[in-house]
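So this one's two forms of a single chain, laid out as structure tokens and tagged structure 1 and structure 2.
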Structure 1
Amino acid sequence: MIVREISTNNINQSNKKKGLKAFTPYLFLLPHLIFFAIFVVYPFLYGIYISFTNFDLMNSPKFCFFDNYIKILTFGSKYSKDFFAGLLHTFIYTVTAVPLIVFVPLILAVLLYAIKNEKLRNFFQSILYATSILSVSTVVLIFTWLLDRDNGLFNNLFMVDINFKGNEILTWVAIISLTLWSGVGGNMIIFLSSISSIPKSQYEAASLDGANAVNRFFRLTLPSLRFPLTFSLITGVIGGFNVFGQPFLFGGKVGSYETVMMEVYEYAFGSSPMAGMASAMSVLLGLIILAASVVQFKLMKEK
């Protein structure tokens, strides 16, 4: 009887220890989950909530149900013009910038991988990645100085007189250039890591079969990068549709540089705040981003 009680106690203690061990990982995750709930989940849900209200940041929000969405989707209304104009500018930026910040880093990663000297490769890799650690405001300040009409390095170096802020096309070129310059490093590191993980024996076998560098890239390297490419494209599109800092700081608040996020900012914190309308625009933009991401994922999966 005593032996049975001792064995029962041992089993209970063992089960308690197993339970504590199983619960321990969640204790480490708890601080992150708390911050995630406070700073991500709550603002996300509250943003959806106030999109159905006439909240103006001053008075308590009052339900107006789908009025904000109806105003945005009513063709010819001020809100519709602002939203779809911003969406057009956002689309122009995305379809121009995203392919560049995916394929330029891919080319750089292939070129870096071709460098046999590891120290030299690491040197160039560090230089190319360094721009990725700079904030958007810092990058915009650098390009503002480089492209200044009177005192900029570009005009003085090439002895030309180009006003990058006086022409819409040139302003877009500058905005996309600074985006590429600051965003090339992250994707390059991802692609270089993926290429480095491909067994060298596969390249050697392809070379023995008579495949040149171009054939090896399209038939061996590129198919091996389908997951990093999918990730970079989807995150690039999400970032492109959420672009705010580059056009806001370099292009200005008025003109063909106003993206959807700039319209949201203006409606939320402008002279006559309409936070409910701004939230409705954000929700619609989120649905567009979700649809674009799903389509991309399916296309990349099929290819």
Structure 2
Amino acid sequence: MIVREISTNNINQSNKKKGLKAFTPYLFLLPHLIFFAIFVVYPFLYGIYISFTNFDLMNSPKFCFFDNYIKILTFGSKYSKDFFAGLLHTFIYTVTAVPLIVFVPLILAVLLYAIKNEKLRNFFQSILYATSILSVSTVVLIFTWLLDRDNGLFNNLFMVDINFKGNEILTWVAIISLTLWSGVGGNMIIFLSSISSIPKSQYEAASLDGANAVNRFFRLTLPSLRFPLTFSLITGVIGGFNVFGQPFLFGGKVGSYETVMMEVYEYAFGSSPMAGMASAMSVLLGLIILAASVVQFKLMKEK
């Protein structure tokens, strides 16, 4: 009898413990899941919902089906002009900045790898990467002063008179330059560490076969960089389509520098908020970003 009692007691206890144990994992997940639900899942769904309404941040949103989308896609309307001008500027930025932000670091990484003195190599790497950790505001202020028409270092040192805020092309040149200055470091480190992981024996074998430096680069280095190249290209394009700070701060708030993100910002938080319209623009931009990422990923995979 006594033995039996003890054993049931044991079973009860272990059951209780088991019940508790089954609950423990969720305790570990809970803190994150709360924030995840409130700030990741909900805003995504709600953002899409708002894009189908006439929400103005004040009155409660009224459902209006595809109205916002139709307005944006009706050529000639104000919204269509704003959105497509923004899209054009975003494209200009992405198409010029992204190739540079991938290929300049690639060249730098190859050059750095060719330096045999490891201390010097690390030193150069540290310097070139240091500017990547600065905020966009810091970088834009530095460049605004550097390129200042009257007192800037650039004009005075090279004895020229270039007004970088004078016309669109020059402004974009300045914006791309400051993007490069503060953006090549990360990709350079990615490429450098993947090049370093290529076995030395492969290079030696290629050299013995008579391949010169250029040949070795195209036959050996480049193929082994396929993954990091895809990665930096995709993150670059996503960053490019989301560009906000550089043109917002350097190009001035209105004018021919408005990117889609700036339009969204203006429409949602400007003087007369049209959050529904802004959301529709965000959703369209989001779709473009998604499509671009998928296409790039597929293209890279096929090759």
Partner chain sequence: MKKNKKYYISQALLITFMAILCFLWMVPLVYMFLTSFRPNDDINLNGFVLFPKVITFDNYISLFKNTQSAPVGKWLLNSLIVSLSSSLLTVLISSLSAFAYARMRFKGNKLLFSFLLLTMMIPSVISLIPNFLTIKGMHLNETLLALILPFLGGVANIFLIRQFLYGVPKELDEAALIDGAGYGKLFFRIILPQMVPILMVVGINTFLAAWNDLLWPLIINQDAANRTMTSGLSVVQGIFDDEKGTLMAVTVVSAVPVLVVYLFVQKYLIRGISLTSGMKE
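So that the term is clear: the rigid core is the largest set of C-alpha atoms that superpose within 1.5 Å between two forms. What you see is a predicted model; the values in this text were computed from it and never measured. Along the sequence of structure 1, residues get numbers from 1 upward.
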- Item | Correct structure when looking for the form predicted in complex with its partner chain | 2
- Message: Relative to the superposed rigid core, does F39 relocate between the two structures - that is, does its Cα move 2 Å or more?
- Response: yes
- Shift in angstrom of the L29 C-alpha between the two structures, rigid core held fixed, comes out at 5.7
